[in-house]
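The chain below stands alone and is given as structure tokens, in the form predicted on its own.
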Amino acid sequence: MGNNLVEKIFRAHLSYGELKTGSPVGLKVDQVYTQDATGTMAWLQFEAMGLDRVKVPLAVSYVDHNMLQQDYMNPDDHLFLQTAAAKYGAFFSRPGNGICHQVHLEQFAAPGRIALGTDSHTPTGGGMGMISIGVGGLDAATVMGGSSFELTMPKIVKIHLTGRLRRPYVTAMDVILEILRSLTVKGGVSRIFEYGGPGVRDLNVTERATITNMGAELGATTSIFPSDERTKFYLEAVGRSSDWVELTADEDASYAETVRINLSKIEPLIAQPHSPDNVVAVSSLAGTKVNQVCIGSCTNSSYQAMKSVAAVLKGNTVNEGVNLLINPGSKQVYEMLAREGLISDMIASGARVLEASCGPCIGMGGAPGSGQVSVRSFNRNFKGRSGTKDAFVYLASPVSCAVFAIKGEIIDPREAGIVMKKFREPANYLINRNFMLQPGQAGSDIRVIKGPNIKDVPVKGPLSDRLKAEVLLKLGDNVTTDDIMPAGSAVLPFRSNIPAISNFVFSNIDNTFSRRAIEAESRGGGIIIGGENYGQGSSREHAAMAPMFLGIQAVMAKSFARIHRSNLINFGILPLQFDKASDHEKVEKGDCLVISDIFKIIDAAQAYTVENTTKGYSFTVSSTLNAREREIIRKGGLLPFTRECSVSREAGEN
């Protein structure tokens, strides 16, 4: 039997384990990249390991999230990232160079490679035919330090595409919205989506990247397209033809499941508040007034997306009731648009053109007004993520967004009376890498500069055999990392200062949480109760690190999102699943829970009896920790685990 695309790449990078669903596998990694919201901590963690140089073939430090310089904290952190990258052997993408995923696609992504990124939308690179996986900063730091990347082997699901998109009003964004409508935000958990079928040929690399980018909203480990003639065409156009290799699945490859999508049948779609899978046809919401439109983000900020938007806006005027914001994805895209006069078309229409950064997508400016409707070509519309708690945020394609901005309301773009040309992929992209700084020379005397807001990495103590803690918060399903650790301009500047950022944990849900957690720490610490898919969304490890700093010992949930589960383990917090959903209903905030004999149980069946001493009853929870994860939890997290392993290796060598 032949191999699918994922199996081929995994086999070429396998350092240990076997490619059997549910088994741990170790993979050699080709590329690691960080962004500034998570990268500051990743580089502090790398520094704490005492290494002189990164040990992966390519490392890149990007600045794209925290661009607002309202005080010293963000520029200080940017300087720290620049000097750390130079000292330890990484490229540095300067502020203004663009969004990490878009820039990485242009400059480094290559078929057949494996990349890790400290951002949940790292799977963007799957549009190039590479395995790109979002991880927490500590996972990235240990891999940069020379470790293999370990994951539990997911199921490989084929998305079989047929037909052709009805362009120009139906786009790649509509494809991924259709998949989200069908599979939901939990449909990709423990899965990798591999795209195939004749419909693949209808999509170019940047369109494929839009689809794999937003595969993160499915909860997927990653998504990937084959590397074919369209991949070759793009790599030649960006001046990297030497990176191309043909890479496709064998005809007799097998898959755990197959999902069939006919591109010809997809219509313009839109995700309603407050979830990316709350998808309906645009036509069903016709007439809904729109107050704000935002176009860009790592999902839809490519040259193609921007040129399509300019084609809609040219000769038209943004509706008087609409505020239109546009952020191109990279300096390269920005410059191409400017040279062709397309930025002028945007400005003339009344659009506000922002710098090449994440911007409004991460809550860095561009918040809508109170109770307003904002339609965005972004990937997430979680409540409050925009910066306005009572806003109603929708997600749609860049073309649909541009049409809404002109009309002032939601309307099927096919019926708006706006004629636009179909996009023709350029044979040559502008190539300008002057904002991508080279790594410093090994052994050179480079000083890493740290501002006063940068604090040491906190480390948890070893696991205790008995856990006695108070339930500090009880939550429902689909709690996001935005719920746990909010983003935005008020919070993200503290990303390198865990004591300060810990004051914001769950602040949008319960602004007393941090204070109560500190008070509970002297009594044994706290426990959080969650529902299904706890921790979905961003890869930000601060959503685990800050609760650890506040004394959280365990999270009990019905199920966990992949990256957040890994982050909890990395910071020594036990991720425990309810054996019975009814037990979740019975536990209440304020209950005292006790688990005994943890050392014995964690090495056996991992079935724990929980005593609710407040209510006088018991229930069971379980964990699915593999051998390595058990040791990480025992040591108190990945950093102390890695330090001990390094000491053991050095002792053995001596």
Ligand code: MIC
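Computed from a prediction, not measured in an experiment: that's the story for all the values here. Start at 1 and count along the sequence shown; that's the residue number.
Another form, the form predicted in complex with the named molecule, is not on view; read the next lines as being about it.
### Query
Among Gln31, Ser623, Thr38, Gln45, which has at least one heavy atom within 4.5 Å of the named molecule in the predicted complex?
None of the others qualify; the residue that does is Thr38.
### Message
Please identify the residue among Arg208, Arg376, Arg495, His564 with any heavy atom within 4.5 Å of the named molecule in the predicted complex.
### Response
For this set of options, the contacting one is Arg495.
### Query
Is Ser120 close enough to touch the named molecule in the predicted complex, meaning at least one heavy atom pair within 4.5 Å?
Result yes; Ser120 sits at the interface with the named molecule in the predicted complex.
### Query
So, in the predicted complex, is Ser400 in contact with the named molecule at a 4.5 angstroms heavy atom limit?
Looking in the predicted complex, residue contacts with the named molecule do not include Ser400, since no heavy atom lies within 4.5 Å.
### Task
Give a yes or no for Arg540: in the predicted complex, does one of its heavy atoms lie within 4.5 Å of a heavy atom belonging to the named molecule?
Flag for Arg540 set to yes.
#### Entry: is_contact(His104, the named molecule) in the predicted complex, heavy atom dist at most 4.5 Å
Taking the distances in the predicted complex, the answer for His104 is no, it never comes within 4.5 Å of the named molecule.
### Task
Name the stretch, out of 112-120, 273-281, 341-349, 366-374, where some heavy atom lies within 4.5 Å of the named molecule in the predicted complex.
Answer to the contact question: 112-120.
### Task
Check each residue of 345-367 against the named molecule in the predicted complex and list those with a heavy atom within 4.5 Å, in sequence order.
Result: Ile362 alone.
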